[in-house]
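Just the one chain here, laid out as structure tokens, in the form predicted alone.
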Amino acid sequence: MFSKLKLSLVTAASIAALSAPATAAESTNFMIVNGVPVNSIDEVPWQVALIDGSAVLRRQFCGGSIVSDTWILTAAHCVEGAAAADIDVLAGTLHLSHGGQRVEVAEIVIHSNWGTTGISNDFDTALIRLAEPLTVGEPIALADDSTPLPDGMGLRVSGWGAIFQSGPGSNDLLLVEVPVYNQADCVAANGASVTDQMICAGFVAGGSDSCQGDSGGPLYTIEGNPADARLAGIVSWGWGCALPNRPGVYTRVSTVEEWVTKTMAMK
């Protein structure tokens, strides 16, 4: 057993390290397990990749979600310790190797409660302000306290991470459907590491999950058209990948929605 807890991003060199397949002993970021290729970017127009800003090649290490044409929502652990120049954002494409719009980062803003509560991964949230507006993609609306997320409700998570635990990443964007996991059962499985600022998703039997390389990416509702989707979670952490009784753990967006909205309004 090992944690899928991600390593903090510190330098461009560490970005390159995060983009490489991990061994079981060093597993760091989430991947999509048992996923299927996304057919059109119109299905997930808010999806972006965080890539090494110092490299010509698109070395992806985390995901994120478009929340306006100049702001990306991701996980704090993806960008902690990084300078804006260390990261570029890739939007509007299903494929890491080609297509889309690559934009430089102007500013990184980490949630003010990250690292302050004594619980690892609590408030695992960060905003990235882009150096120029996106001309591709569409923002996703944020879940709030009125967004229903009952146990068993189907959600989707997407990303370019590896396709099995410690395996290779995918050049093509993948998605997988996972149900909301009972919060009390998630606490029982993971202990006090699960807080009210987190939401769990996955099957009791395992088999489908996010894992290495998908950190910071979107967990979103799927009822109705893509335009009706709400961002319910941010890929954060978990134990192993797709293991029984070990659901993925995500930042609960409704608990950080006010911070996100206020932070963007202040800039």
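In this text, residue numbers run from 1 along the sequence as written. These figures come from a predicted structure and were not determined experimentally.
This protein has a second form, the form predicted together with arginine, left out of what is shown; the following refers to that one.
Novice: Quick one: find which of 228 to 236, 66 to 74, 49 to 57, 36 to 44 has residues within 4.5 Å of arginine in the predicted complex by heavy atom distance.
Specialist: Result for this chain: 228 to 236.
Novice: Does G240 make contact with arginine in the predicted complex, using a 4.5 Å heavy atom cut-off?
Specialist: Although arginine is absent here, G240 would touch it in the predicted complex, with heavy atoms inside 4.5 Å.
Novice: In the predicted complex, is there a heavy atom of arginine that lies within 4.5 Å of any heavy atom of G213, even though the partner is absent here?
Specialist: Yes - in the predicted complex, heavy atoms of G213 and arginine come within 4.5 Å of each other.
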